[in-house]
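Shown here is one chain on its own, the form predicted alone, set out as structure tokens.
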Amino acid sequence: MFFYARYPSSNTLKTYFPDVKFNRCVTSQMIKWFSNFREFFYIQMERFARQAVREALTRDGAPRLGRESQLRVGRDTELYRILNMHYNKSNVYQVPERFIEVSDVALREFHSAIWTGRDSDPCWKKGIYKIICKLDSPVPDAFRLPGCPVG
């Protein structure tokens, strides 16, 4: 479900987990799980963005041309492999293209913030979170079916 919704509401969770008996504690725990999923996602984005910034600099600190154009998330990248292994350990689900697009946006936003020094502000990630929050996609109805996986 994280491939579609990084910020699910409690109503979304209740819709897609009909077998769960929701109360305040259970709802809070599920929201916390998604928060942990997001945290892993953002940690990886920041890690890869910082690595790209380091690689983009020569020893004298002058930027190498053309490095940002190589900054992407694709099915053949290490970042994709790490995210897929974390969220899709058994590789049961087909990772939607939209998730790759969202990951690409997140990576570029982190890279831009780090490259321009905005990461020196203690609240530098908030703007990125607001952008990614708006990129959630509808969760396919097939996720409501018993014994789902969606392929």
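Numbering starts at 1 and follows the sequence shown. Computed from a prediction, not measured in an experiment: that's the story for all the values here.
Same protein, other form: the form predicted in complex with the DNA, not shown, and the subject of what follows.
Taking non-hydrogen atoms only, N88 never approaches the DNA to within 4.5 angstroms in the model of the complex. Taking the partner from elsewhere, F22 is found to have every heavy atom lying beyond 4.5 Å of the DNA in the model of the complex.
Of the heavy atoms in S120, none are within 4.5 Å of the DNA in the model of the complex. Although the partner is absent here, Y93 sits far enough away that none of its heavy atoms falls within 4.5 Å of the DNA in the model of the complex. Of the residues given (R98, R108, R50, R38), R38 alone sits with a heavy atom within 4.5 Å of the DNA in the model of the complex. Distance criterion of 4.5 Å from any heavy atom to the DNA in the model of the complex singles out I31 from the list I114, L57, I31, I82. For the candidate spot formed by Y4, Q44 and S137, no residue has a non-hydrogen atom within 4.5 angstroms of the DNA in the model of the complex.
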